[in-house]
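One chain is shown next in structure tokens, namely the form predicted alone.
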Amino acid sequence: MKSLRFSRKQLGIPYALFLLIFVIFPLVLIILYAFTKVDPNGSFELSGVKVSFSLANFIDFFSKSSNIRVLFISLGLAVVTTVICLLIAYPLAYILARSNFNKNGVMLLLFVLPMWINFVLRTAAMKELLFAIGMYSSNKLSFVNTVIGMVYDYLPFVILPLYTVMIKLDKSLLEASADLGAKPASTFFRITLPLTVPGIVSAVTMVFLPTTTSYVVSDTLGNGNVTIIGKIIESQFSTMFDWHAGSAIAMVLLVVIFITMFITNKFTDDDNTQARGNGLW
């Protein structure tokens, strides 16, 4: 019997179908709902309802100061969480990558192990811990508790990409830097840090973007005092059943995500270009 052989294009068909059904088609629906509104005299139907093209959903969102406030709170929460995760994870990943004890990945496994536990269960466990030490009952600490929960839930997603990059660093560069008389601090800022930028960018992407919509953490640990943009989107779809307004808010968040990714990718490209064009010092 002749062995079956598939070309690269044929092997890519299942993946293309998956993207078409579960990514592109839902995104097209979101765009349609975002730029339309219910209109009895509309030119076409969407889900059996007459609609017409309009920017009213975006105008309504930006005309309410409460929505703008929630958007900035969400971005602020994401920035604080990302910075704290990086400050904790970077030295930790650096130690794990250079530790001889970590050859079998035992220590890394201990830090990544929480990723295997259900997200909601981890959040509930953190709530019980904060309640036990008396922090959950204070409304003044709602934002702090939310940050703690976010950091706890997303810290493994920062450690892993940083560790993956650091474990592959060429140690001969560090040795050459020391042989040329560079101090440890100079070696870190001129060699180690630039070479780990791809891991930092991956970590920022994996933390900054989800924290703007992780309303489960803010609802559970914020004691109802912290509202983020993801909660508003969820309420529009599930409570108010206004898919047009919910889709518009989702589009606003999508634009913010695209801008963030553009900035991080541009930063990575510039850093890589500079690293290729310059010497060690």
Partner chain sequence: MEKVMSKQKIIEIKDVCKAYDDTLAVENVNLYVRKGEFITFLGPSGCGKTTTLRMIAGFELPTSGTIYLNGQDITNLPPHERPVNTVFQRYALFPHLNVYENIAYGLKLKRVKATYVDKKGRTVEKIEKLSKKEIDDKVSKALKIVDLEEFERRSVTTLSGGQQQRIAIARAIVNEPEILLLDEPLGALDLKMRKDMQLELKEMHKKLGITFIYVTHDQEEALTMSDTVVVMKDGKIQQIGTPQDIYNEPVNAFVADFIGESNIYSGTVVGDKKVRFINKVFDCVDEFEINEKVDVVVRPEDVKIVKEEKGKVSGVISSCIFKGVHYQMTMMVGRSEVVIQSTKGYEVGTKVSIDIAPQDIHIMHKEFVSNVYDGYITKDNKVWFADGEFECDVTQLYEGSHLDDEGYLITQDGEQIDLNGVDVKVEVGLKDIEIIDNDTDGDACGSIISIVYKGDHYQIIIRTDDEEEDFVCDTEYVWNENDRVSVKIPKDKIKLKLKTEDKK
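Worth saying up front: this structure is predicted, and the values here are computed from it rather than measured. Numbering follows the first chain given and starts at 1.
Omitted from view is the form predicted in complex with its partner chain, to which the following refers.
Partner contact region in the predicted bound form: 176-184, out of 120-128, 90-98, 143-151, 176-184, criterion any non-hydrogen atom within 4.5 Å of its partner chain. By the criterion of a heavy atom within 4.5 Å, Gly76 is excluded from the residues contacting its partner chain in the predicted bound form. Interface residue remark: Pro194 is counted as part of the site for its partner chain in the predicted bound form, having a heavy atom within 4.5 Å.
Although the partner is absent here, Ser137 lies well away from its partner chain in the predicted bound form, with no heavy atom inside 4.5 Å.
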